[in-house]
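Only one chain is shown below, in structure tokens, and it's the form predicted on its own.
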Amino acid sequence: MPKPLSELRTAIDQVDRELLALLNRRAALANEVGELKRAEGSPVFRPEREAQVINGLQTANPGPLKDNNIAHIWREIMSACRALEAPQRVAFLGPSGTFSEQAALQFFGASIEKIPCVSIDEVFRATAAGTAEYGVVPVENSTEGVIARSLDLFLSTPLHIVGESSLLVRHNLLRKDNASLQGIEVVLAHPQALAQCQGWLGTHLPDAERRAVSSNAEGARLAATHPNWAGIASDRAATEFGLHIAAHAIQDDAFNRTRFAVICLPQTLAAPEASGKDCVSLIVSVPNRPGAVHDMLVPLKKHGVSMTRFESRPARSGQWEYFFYIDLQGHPAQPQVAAALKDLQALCAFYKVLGTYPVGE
């Protein structure tokens, strides 16, 4: 016979109290670690250590909790423990309710000091100036490709990448007074979101003006000021600005994802140590001669290092020259990766390591 509901609730209450005692015990141990780090001058936040903790727990997880639930729960536990010393100041493309904010919370947990910025440029500036310890910027979308402004800014700042977060992006159509499509004259969103939803908009709102704004949350904020305007944004933005969802998941690609980079100054956090599942990001250029790009790839094949991304951007020199943005699997602590990087650097006219970091969820 199944146990009565009252007995099950009593058992859950008991487990909750045991969990509370264990969480406070963990927090006390984290405080001791923090004191040792302060004495050594070590950073509070170590993304590779947190990645190892989560990966280890997922490997040991017998269920019924799913692995992604384990990751979410422990990220919040670690975030709360870090905040006992001092919450990290994290800059992102604002206002509140953007996918950038969601990516920041997914990576750091909720126990942070949020610094919303008006543009990607401002995220880089705030992080470089020390207003924020970390910044979170979009770098790539599975539908529309790279976020060009983010890539360009990596060339001109001292910031490097210490982590990444990949977010499943579901775009919703939000409006002020009702949940219908009737009377919508203007749709406001970030240019990337407008591009990611162009098929749906062409079918359902072919006559509505598509107006680009600085972020999806800004589009939602503006939609809240006019009954005939609609924004494309997250359900979090709908709650933030008191809007109705007129249409759910209007992105043309059901599996639309955006990849975000976590950036900081090297003195805030040096390159993370190997976590076992890492990535190296580079910007390089090669002399403009026949076969130069082919030669650049030879060291990777020679040393058995896998390339997971290869993008080109104009060097803006007027000479039809390009920078190449490359992601490699592995960590420079691995001999084959170190050897490949050394050989690659010798071939390049320009070579900059953007970061070495654990691969995101």
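Numbers for residues come from their place in the sequence shown, where the first is 1. For clarity, every value in this text was computed on a predicted model and none was experimentally measured.
Same protein, other form: the form predicted together with a small molecule, not shown, and the subject of what follows.
Engineer: Spot the stretch among 305-313, 328-336, 45-53, 289-297 with residues whose non-hydrogen atoms come within 4.5 Å of the small molecule in the model of the complex.
Structural biologist: Only one stretch qualifies here: 45-53.
Engineer: When the contact criterion is heavy atoms within 4.5 Å, does Lys66 count as touching the small molecule in the model of the complex?
Structural biologist: No - in the model of the complex, heavy atoms of Lys66 and the small molecule never come within 4.5 Å of each other.
Engineer: With the cut-off set at 4.5 Å between non-hydrogen atoms, does Glu85 touch the small molecule in the model of the complex?
Structural biologist: Yes, contact at 4.5 Å.
Engineer: So, Leu105 and the small molecule: in the model of the complex, are they within 4.5 Å at any heavy atom pair?
Structural biologist: Looking in the model of the complex, residue contacts with the small molecule do not include Leu105, since no heavy atom lies within 4.5 Å.
Engineer: In the model of the complex, does Lys37 have a heavy atom within 4.5 Å of the small molecule?
Structural biologist: Result yes; Lys37 sits at the interface with the small molecule in the model of the complex.
Engineer: Answer yes or no: in the model of the complex, does the small molecule come within 4.5 Å of a heavy atom in every one of Val280, Lys352 and Leu354?
Structural biologist: The answer is no: none of the three residues contacts the partner (heavy atom, 4.5 Å cut-off).
Engineer: Among Ala128, Leu153, Leu222, Cys81, which has any heavy atom within 4.5 Å of the small molecule in the model of the complex?
Structural biologist: Among Ala128, Leu153, Leu222, Cys81, a heavy atom within 4.5 Å of the small molecule in the model of the complex occurs only for Cys81.
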